Each structure stands twice: as C-alpha cells, then as structure tokens.
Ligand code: ATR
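Given next, in structure tokens, is a single chain: the form predicted alone.
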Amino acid sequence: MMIEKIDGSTRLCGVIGNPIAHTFSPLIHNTIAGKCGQNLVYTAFNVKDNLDLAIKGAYDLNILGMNVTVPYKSAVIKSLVSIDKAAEIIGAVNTLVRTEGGYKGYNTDYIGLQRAMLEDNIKVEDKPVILFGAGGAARAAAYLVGSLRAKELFIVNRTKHRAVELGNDISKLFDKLSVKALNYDELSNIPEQKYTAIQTTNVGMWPDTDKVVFDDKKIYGMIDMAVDIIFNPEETMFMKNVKNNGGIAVNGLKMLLYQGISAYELWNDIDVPENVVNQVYELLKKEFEH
C-alpha cells in the first residue's frame, strides 16, 4: 500500500547497497507508511562506489533515513556523525537516522533478532548457545546472546581464526559469558546438553536449498530450539534436521520484519501498531509462497 498522494511534503527514505534489486525493504516500509497514514515513500539506491558521497548527498537531499545493506554495513561508519553504542560494539550499521549535521548509525539487526526470538519463545538466558558463522550477522547475534545473559557460547565457523576473533571480542564485553571458538571438525566434542542454536551463514539459502551447514545427528539431537536467519526457503535443511530430531526451529523472516519495523520507528519516532506489524508479516510470507 502506497500513500494516496506524493507531494512537496513527502519524506523520502531508502536502502543503500550493491546489488540491491532483491531487497524486500520497500515492501515493508511503504506498507507501514500507507497503513499508518504517513506521507513517506521508501525506495532502493544501488550505490556501486563513492559511498561517502552518496551518504552526504542523501543528507543534502533531505532524505529522512536510510537502511544500509551488503557490502556497506561496516564501511558506512566513517561517513556518520555519530553511532549508537550497540552498533559501535557490533561494528556494523544497517540504519541511518537523520540528526543535526549528518546521520547517526544504528544496528537494528540485533534488535530484529531479539524481537523475533521473544515472539517465538526462543530462549537464551541461562542456556548454552551454539552460534554458526562469524560474519556480520553472527556479530550481531553474539552481542545479543551476551546481552541476554546466556550461560555459554560456542562459536562454530569454517575458518576457526574468525571464530576466535569474534569470541575474543565478545569475551571482552561480557566477562561472565563462557565463550569457545570451534571449527566444524571440533563440533562433535561439545558437552552433551540442550542448546539454543542460531544459524547465521548463507548455507542452505535459495537456490542451494539442499545444503546444510553441518550434518551430525547427535548434535541436532542436542538442539531443542533454533533460529536460522535465512528466510528463503521457508524451511532450510538445518531447520528440518532440528525438527526431525525433536527440536523447534524458526526461520529469519520475523528478524527481517522486525529489523525493518525498528528502523521505521527510529526514523519517525513512533511505535508501529501491532495490527500493522501483522499485516506486513503476512505480505512478506506471501512473497515466498510458491
């Protein structure tokens, strides 16, 4: 749903990335604006280079707010006038909010993940957590795991040195959290207990839907609840394996939804009504129906 009339008072928001044609952000934000009756339009900007000029130009054009996606979530930081504490710690920004003199950077990926896990009753507090991956999304997830006071965190990555780097960074922030870095060959040695798992790699994403980040029935049997941040396909092989071994698993569609909702709320200083959130979620689900 779009606003009824675009005029001289219409505010503009958008997303910067490269490539960007695949983005679902315009669907999220234009639907919210239409249903909330706000004079706002959201579009996508394919920025191939000159990121700093693009950010300054957006500010000079009076653009209200921006999202930032691959490959600029870290590179954009040097173009900002300030940065939220959580985004600074994570080292990645996906939301720019207009302030005096420039944009302030936020990370709503971890907020989106937190809201999604809360809604789906995926528990972290006082639990051991397995985190698959060590990239930008994993950094946001690891920060969330520490913030929610998990008992211990096992970071599993194909290249162990990246897991070690992330583990060291998280240990400095949360000194009461036990953090261990592993590669996949070492995964079978983790203690036998019930884990919450967060899968942040792109393994199993469409079109390679038959792939899985690891294949060990014993480990799947120790996962009683899991989030895969992939949302296409609706059910990844990782999720199927968790479910087939008695656990519950959810995909990343609600994370996508809530990171967008949180950005919209930051730009407009409002709380998006729950009925609008639900309507946007239903629209997103229809996008992936085959």
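Just so you know, these numbers come straight off a predicted model, no measurement behind them. The first residue of the shown sequence is 1; numbering continues from there.
Unshown form predicted together with this ligand; subsequent notes refer to it.
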Can you pick the stretch from 167 to 175, 193 to 201, 111 to 119, 96 to 104 whose heavy atoms fall within 4.5 Å of this ligand in the model of the complex? 193 to 201
If we define contact as a non-hydrogen atom of the residue within 4.5 angstroms of the partner, is residue 206 a contact of this ligand in the model of the complex? no
Is there a heavy atom of residue 159 lying 4.5 Å or less from a heavy atom of this ligand in the model of the complex? yes
Close approach of residue 90 to this ligand in the model of the complex, 4.5 Å, heavy atom: no
Is residue 142 close enough to this ligand in the model of the complex to count, meaning some heavy atom within 4.5 Å? no
Using a 4.5 Å heavy atom cut-off, which residue among 182, 130, 213, 76 comes into contact with this ligand in the model of the complex? 213
Can you tell me which bits of 105 to 135 touch this ligand in the model of the complex, meaning any heavy atom within 4.5 Å? 133, 134, 135
